[in-house]
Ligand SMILES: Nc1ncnc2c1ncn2[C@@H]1O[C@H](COP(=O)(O)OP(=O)(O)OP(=O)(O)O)[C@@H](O)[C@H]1O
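Shown next as structure tokens: one chain only, the form predicted alone.
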């Protein structure tokens, strides 16, 4: 593992009497692609919400470089270099594709590539003038990715960016993710259920189950971990 750029230590979250995360520790290095996997309800999106400042942890600490994120509002965390996409894309539907990226760039204090270059990177350059509402679901995901890149992030939080895509679309988007890392050195922290894409793209995998980290390592070793197999498939029967 590379030295951590984004790091969490002993992170827990309770909603009333329900404990969603329990003493989760993690790290994402500069320019690293880290997948966060686990069954539905494991606490993955809650962890992203804590990192991005939408909710605050009940315990533990989250840091970005020398900055403590735990008590900061979402807009300040964003300006420190953390961008995010959501499971359901949220572009401004009445703005064009290019206007969406230009609007996102207004909220950054960090330099990023020009909007035209970002749209070319995510293969939407030829649709810059189209209203976002006319984009199909797969392309809205790519637009939201370009909007996140317009913030000039050092770390991108990607929440199921491949959900609902066809096999060819999955290959296309994972290629884009690799180019983002290779071109700009942006670290990717990536919630995903498409295991083939995780195995082919991630350098390291963290597995959550019932709000706890049960395994961490390279994709092949994690895929062989008995605890991971049990979490996904249930206990084996004789």
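Numbering follows the first chain given and starts at 1. If you're wondering where the values come from, they're calculated on a predicted model, not measured in any experiment.
If you look for the form predicted together with the named molecule, you will not find it shown, but the lines that follow are about it.
Note on contacts: among 186, 69, 197, 42, the single residue with a heavy atom within 4.5 Å of the named molecule in the predicted bound form is 42. Contact with the named molecule in the predicted bound form, judged by any heavy atom within 4.5 Å, is made by just one of 108, 87, 102, 127: 87.
Contact with the named molecule, judged by heavy atoms within 4.5 Å in the predicted bound form, is confined among 178 to 186, 34 to 42, 165 to 173, 56 to 64 to 34 to 42. A residue is said to contact a partner when one of its heavy atoms sits within 4.5 Å of a partner heavy atom; residue 18 meets this definition for the named molecule in the predicted bound form. Using a 4.5 angstroms limit between non-hydrogen atoms, residue 46 touches the named molecule in the predicted bound form. If you take 176 to 202 and check each residue for a heavy atom within 4.5 Å of the named molecule in the predicted bound form, you get just 193.
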